[in-house]
Ligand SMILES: Nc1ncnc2c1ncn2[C@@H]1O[C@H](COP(=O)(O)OP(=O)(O)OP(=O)(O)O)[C@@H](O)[C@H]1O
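In the form predicted alone, a lone chain appears below as structure tokens.
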């Protein structure tokens, strides 16, 4: 379990915190969505939840981060990385730069865990298969499209089979099919007990993936609850978040004087 309590974080050189009094609990096997307008604080919360802020990038943190009951304050970056896998929007920032092939890139994480060669190979093959990118195995990681690179970056995380995962816009560069494959892979990962925090603009994805959604506005959590309840909240657009298509269609049907339940019946 990953827990933030009363966490406020200020970037180095800034006078005011970017996020304030964040309370967040990620239970084992839970997928929690994080939504908000641009610059609302989603990425900062991801950095704080992963421990990278302040361990890697400096700045000031008040409040606490605990993982599996252990406080993370003062822990070195390599220890945090062993506990929380982190994925960002730009796959280039996550590429090792030392792997000659995609297969080697995906296998690098398990190798660093000190796993036997057979286990490392099995994990890499499984991760590539989950995202259906086995045909990229022999490609040069630096010569992939943005979408291909994003899938490889996510496969690299899956191969490590982490207990906690924080993803910041993981499908930003993916088409609908790539987004669907990532969703399937994340469900499979959660099924093994991994806890996931997923910051996303694609509310249709979160609508079907998450059991719970949190809304960030001006650096604060302004809503936190079951997915259907939060993504159907009338205030969502005022917070800069577009409701999922299911909600928008139901409202359109209601505006025409029809029963919104017709949308649910046809879903």
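For clarity, every value in this text was computed on a predicted model and none was experimentally measured. Positions refer to the first chain, counted from 1.
Unshown form predicted in complex with the named molecule; subsequent notes refer to it.
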Q | Which of 34 to 42, 58 to 66, 205 to 213, 227 to 235 sits within 4.5 Å of the named molecule in the predicted complex, heavy atom basis | A | 34 to 42
Q: Could you work out which of 101, 112, 89, 96 is the residue within 4.5 angstroms of the named molecule in the predicted complex, going by heavy atoms?
A: 89
(Q) Does the named molecule, in the predicted complex, lie within 4.5 angstroms of each residue among 11, 18 and 201, using heavy atoms as the measure? (A) yes
**Q.** Interface residues of 153 to 191 toward the named molecule, as seen in the predicted complex [heavy atoms, 4.5 Å]
**A.** 169
